[in-house]
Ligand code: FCA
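Next up: just one chain, as structure tokens, the form predicted on its own.
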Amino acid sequence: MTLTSRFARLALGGAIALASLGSAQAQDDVTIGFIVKKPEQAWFINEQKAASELGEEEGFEVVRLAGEDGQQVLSAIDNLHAQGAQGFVICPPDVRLGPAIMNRAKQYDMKVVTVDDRFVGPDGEPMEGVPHLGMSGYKIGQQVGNAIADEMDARGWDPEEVAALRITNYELPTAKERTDGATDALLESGFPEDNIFDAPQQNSDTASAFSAASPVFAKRGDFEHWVIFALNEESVLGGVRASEQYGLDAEDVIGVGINGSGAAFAEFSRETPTGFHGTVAVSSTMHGRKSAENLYEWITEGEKPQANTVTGGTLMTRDNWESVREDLGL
């Protein structure tokens, strides 16, 4: 071997070693953000916690931030840039903020993955270029409607004598998909459309749902039996609390929510059952972990996640909530 070729081989080997070192260093230095719209809600607490635990396992940092309105989201992105983050996972406070959020992210050369709620563009359609992890809102809504119909049947209720409280938030596409799915499933089961009454809520929490539901009960007091559905279990619980204030007994109410969080666990743990019959549980832990993993692999390996990954749900009731909670890692 000539001296020249030996030096060439040494140089090549050194370059490979430096490239490997650079790659390892890049992975060690990864920082991502995890921005949620309601940091105090159990669902989002679990998501952020799961992402942080994955970061500890894999050796990257997760910065947990709140983004409850557009300005706070943009400030959070600025914060992440200052900390050297290469990207962030976000559940936006308003899906219509997608273009503005992506503009700020591109300014800092950050990668973005949405979780739970998907960005929509100016045309009102999902932003296909942004990887998303969520659930099929319509199908999960159908599970809610079917669970209500099954429980009505088990109690021997005549649908003609039952009223449905539909707590709505049509500004949020995910919420509309869920309540539309529940509505369609109920109608397919033979529930009369004229017996469905809307309670538009301003927010997605229990207090807002309570305020929206109370006037409906007062106006429709001729119904003895009620079913309640909404975009999440916090909202259904607001409806249940309103039914209690109106004077309805627990056995006259069937409320079914969506999520499977601390709010449902607390309700199932009550010594005396309430009108909250169940919830379609999805794993917030899995959502947090998987969305963070997708972003991390995109940053370190260059593989962009799928455009839209959806998950399903499992009906959780007072009878099985502990086993479902364990199975889903909630």
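Each residue number is its position in the shown sequence, starting from 1. Quick caveat: nothing in here was measured; it's all calculated off a predicted structure.
Same protein, other form: the form predicted in complex with the named molecule, not shown, and the subject of what follows.
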Query raised in the report: Though only this chain appears here, would K37 touch the named molecule in the predicted complex if you measure heavy atom gaps against 4.5 Å?
Result: yes
Query raised in the report: Is Q41 one of the residues lying within 4.5 Å of the named molecule in the predicted complex, judged by heavy atom distances?
Result: yes
**Report entry** 4.5 angstroms heavy atom contact with the named molecule in the predicted complex for S204
**Finding:** yes
Query raised in the report: Using 4.5 Å between non-hydrogen atoms, is M135 touching the named molecule in the predicted complex?
Result: yes
Query - Interface stretch in the predicted complex with the named molecule - options 78 to 86, 228 to 236, 183 to 191, 142 to 150, non-hydrogen atom within 4.5 Å - result: 228 to 236
**Report entry** Position in contact with the named molecule when the complex is considered in the predicted complex, options A164, C91, V73, A199, heavy atoms within 4.5 Å
**Finding:** C91
Query - Contact residue in the predicted complex, from T114, T179, N259, S243 (heavy atom within 4.5 Å of the named molecule) - result: N259
